[in-house]
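One chain is shown next in structure tokens, namely the form predicted on its own.
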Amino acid sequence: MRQRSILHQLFVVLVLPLTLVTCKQGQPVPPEPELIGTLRVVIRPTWDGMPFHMNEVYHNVSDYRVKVEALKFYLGDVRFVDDGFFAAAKDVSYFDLQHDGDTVVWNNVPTGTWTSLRMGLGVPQALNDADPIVYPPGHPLSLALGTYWTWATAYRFVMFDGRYDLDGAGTGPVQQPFSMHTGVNVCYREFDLPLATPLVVNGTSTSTVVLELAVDRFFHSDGEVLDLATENQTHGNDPAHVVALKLTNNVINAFSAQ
């Protein structure tokens, strides 16, 4: 009996501290199998605070007429955050706003009450560098979505296409094309997104989080303007990625969470 007691004491001394270390602040908190839920993620685009509509003509910060014809993007390595603790929610998710917004459902997300999100705009490097053939149909990184740059062996992170007119007083068709596609690992950026109200995820019902995306902000952020007169194309072939990185920064600052 005494030998068993000594072994029990050794177990407490050696194993318990390891258990505590794995839960220290800032470390991932993996959910136990029974502590998982379902989250509905809604992307709600706006323009100057009003609902955004694809193919409608707007005036941007430079007073150019702008018509957005396609807007697609990836969010990667999404984590729930509360009081410095992180829980992995989704490795990568794809959004296509062709219908003036998009909604996806994430299964097997950790339950709890969360105050903010941390995520990356784009595809995390480990996934971006993998052979795309490994992703089956229906996967966010499937080749069927047409988001992979074969020549660059990398995914496009943000796909922003449309037409513009430098004459803000123009009345005719908006004809000049713009096409800005960010990609390659240097364009992957992580950011934090505080929630207006805590997100409660439980195992018995589907929770919802609404992410607003101010499309008008794609053209300006922190006093820096993306000028379509000279910055209207990027496809990963600029060694400095000037336009791509400017667009990336603008898109990150265009997000807000409800």
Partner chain sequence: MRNGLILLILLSGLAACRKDPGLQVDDVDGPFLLELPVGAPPLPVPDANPLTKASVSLGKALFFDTRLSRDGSMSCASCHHTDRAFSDTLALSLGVNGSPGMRNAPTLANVAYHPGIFRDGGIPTLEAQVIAPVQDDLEMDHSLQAAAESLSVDEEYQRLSQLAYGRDLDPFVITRAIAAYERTLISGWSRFDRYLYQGQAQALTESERRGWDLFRSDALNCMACHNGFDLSDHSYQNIGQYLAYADPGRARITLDLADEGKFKVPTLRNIALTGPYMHDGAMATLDEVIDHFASGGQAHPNRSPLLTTFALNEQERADLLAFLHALTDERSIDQVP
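Numbering follows the first chain given and starts at 1. Since the structure is predicted, the reported quantities are computational estimates derived from the model, not experimental observations.
This next part talks about the form predicted together with the partner chain, which is not shown.
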field: in the predicted bound form, segment of 72-80, 88-96, 151-159, 120-128 with a heavy atom within 4.5 Å of the partner chain
entry: 151-159
message: Under a 4.5 Å heavy atom criterion, is P137 part of the interface with the partner chain in the predicted bound form?
response: yes
- prompt: Looking at the partner-bound form in the predicted bound form, is L166 within 4.5 Å of the partner chain by any heavy atom?
  reply: no
query: Does at least one non-hydrogen atom of V105 fall within 4.5 angstroms of the partner chain in the predicted bound form?
result: no
query: Can you check whether G170 is within 4.5 Å of the partner chain in the predicted bound form, heavy atom basis?
result: no
- line: Contact check, 212-247 vs the partner chain in the predicted bound form, heavy atom within 4.5 Å, ordered by sequence, gives G236, N237, D238, P239, H241
